[in-house]
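In the form predicted on its own, a lone chain appears below as structure tokens.
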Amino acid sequence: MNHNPQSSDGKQDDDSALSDFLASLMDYAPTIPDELVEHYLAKSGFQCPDVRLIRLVAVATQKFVAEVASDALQHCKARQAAVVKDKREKQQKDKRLILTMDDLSKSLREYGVNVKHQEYFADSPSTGIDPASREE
């Protein structure tokens, strides 16, 4: 058994830091409203009257969404850089980034979330073909 006095001090420091953090959540107004977090927690079968815990989930959700958006932006930049290599003159005129569902899907896949979106008529390879001649 380890009777190191520093280990108990470290635990007390961790406990006080956790207490301070949870207390600071009372004054924090997260981007995601408490009501929305409560709704989805209740929908999943979890109910908690402690506002600090609700806000902790909101902060974690906000961090997750920010990381996914940042990664999707990187995928978007990489995709558009590959397309524009051939068209140097167009790059100087149009520097807008267009985030696509594919960029978002790739980003979410890195976090273990698989997204399948509906195939729309405009995205379908059979667009414009007579319905009688389509192979399904």
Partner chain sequence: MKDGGFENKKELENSKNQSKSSKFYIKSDDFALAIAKVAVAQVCESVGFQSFQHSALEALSDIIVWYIYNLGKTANFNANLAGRVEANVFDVIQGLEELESGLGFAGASDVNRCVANLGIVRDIVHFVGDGDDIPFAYEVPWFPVVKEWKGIGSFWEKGEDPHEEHIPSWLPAFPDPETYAARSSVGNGTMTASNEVKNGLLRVERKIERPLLNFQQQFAHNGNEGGSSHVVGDKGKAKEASNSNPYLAAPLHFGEKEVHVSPVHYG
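Numbering follows the first chain given and starts at 1. Quick caveat, the model's predicted, so the values are computed rather than measured.
Note that the form predicted in complex with its partner chain isn't included here; everything after this is about it.
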inquiry  = Residue-level question: is residue 81 within 4.5 Å of its partner chain in the model of the complex, judged on heavy atoms?
reply    = no
message = My question is simply whether residue 23 lines the interface with its partner chain in the model of the complex - judged by any non-hydrogen atom within 4.5 Å.
response = no
inquiry  = Residue-level contact is defined here as any heavy atom of the residue lying within 4.5 Å of its partner chain in the model of the complex; does residue 51 satisfy this criterion?
reply    = no
request  = Heavy atoms within 4.5 Å of its partner chain in the model of the complex is the criterion; list the residues of 22 to 45 that meet it.
outcome  = 22, 25, 27, 28, 29, 30, 31, 32, 33, 35, 36, 37, 38, 39, 40, 41, 43, 44, 45
